[in-house]
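The data below hold one chain only, encoded as structure tokens and taken in the form predicted on its own.
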Amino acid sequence: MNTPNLTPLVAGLPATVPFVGPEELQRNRGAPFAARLGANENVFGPSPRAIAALQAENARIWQYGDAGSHDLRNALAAELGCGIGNIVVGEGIDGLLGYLVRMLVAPGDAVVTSAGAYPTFNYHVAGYGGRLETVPYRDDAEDLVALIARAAEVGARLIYFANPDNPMGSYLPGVEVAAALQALPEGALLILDEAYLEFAPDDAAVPLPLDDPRLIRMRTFSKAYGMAGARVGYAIGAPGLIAAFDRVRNHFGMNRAAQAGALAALADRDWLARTKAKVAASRDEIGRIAAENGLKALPSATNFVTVDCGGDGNLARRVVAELGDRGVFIRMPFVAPQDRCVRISCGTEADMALLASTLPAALTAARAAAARAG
């Protein structure tokens, strides 16, 4: 039997993916989840205007989408107060991260990130032969000053920093991000992943020009706009950097229905405001449920809440498994000491009621199993 003749780089990579999706977990357990609270999806859904725009494109789905995403980029530029040349649209932040790494990281180049931060970025770096250098979290938050210092030590091309952060939900005020950039080494670029920015306090916004060449901002329609399945993300940066994406991106990667849906979603400010209010209420409810069960909910500037289970990673993994057995899908951080926690996405009132009713038994079973394991 013939085997694929992989390149040495690809042959040396682990045969894994950053996440096991909830669909695969449901297939493995032989039943659907009753509450899907692990992927940080927006269960409140997209604007009805966005749904109508998506549906209206069905009859024209035989056409490729606009390769330049011109209308969406123009609308984003008007919203942000910048030029269309400052914006590139891509297949979610994940897709844009892959393109950026391909553009800037050659085999052996150093890239800096936090140990336990968003793993899909690491996946792209490894896939293009980059060398990952990691910095630990400090007080359950990414340490931007330490990331920049490490980049100076190793000559890093890229620094990844999410604000607000996934998986811990913390954020750094934008003025502190701007101040930290004063020490950015020559030749380095800060990736500012702002996927959850719409949920954060106003002071999370970084008060620097959108074309500042030291950073590239990445945002998405997957979270606050409720369109994770449409895969629409965008990056904001200096025109020269943004133009370089055209050298490597999949020019017809954006389907036309997704483009139309994102354009309509962007225009519906009232729906966005209502969604943010629902998310805030759900965050409070997750905190209440955690406290009711003797757990500590960490402060969150996102659409999820990270909850300290009061033990180590083994206990947290058992909590995830026990809740999954009871039909509640959640996830957890991967790296100690943050892996003592679980991460619970915001949900509907019904989702929260199921979480409240299943968590006590899940905790009891997890603690008993941990005790037996010693």
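Position 1 is the first residue in the sequence shown; the rest follow in order. These figures come from a predicted structure and were not determined experimentally.
Omitted from view is the form predicted in complex with a small molecule, to which the following refers.
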Next item on the list: Choose one stretch from 253 to 261, 156 to 164, 179 to 187, 105 to 113: the one whose residues place a heavy atom within 4.5 angstroms of the small molecule in the model of the complex.
Entry: 156 to 164
Notebook entry, point to check: Thinking of I93, Y118 and S222 as one candidate spot, does the small molecule come within 4.5 Å of a heavy atom in every one of them in the model of the complex?
Noted result: yes
Check: Does at least one non-hydrogen atom of I51 fall within 4.5 angstroms of the small molecule in the model of the complex?
Finding: no
Margin query: Please tell me whether any heavy atom belonging to R283 falls inside 4.5 Å of a heavy atom of the small molecule, as the geometry stands in the model of the complex.
Written below: no
Note to self: Taking the small molecule as it sits in the model of the complex, is R231 near enough to touch it, meaning that at least one heavy atom pair lies within 4.5 angstroms?
What the structure shows: yes
Checklist line | 4.5 Å heavy atom contact, A195 and the small molecule in the model of the complex | finding: yes
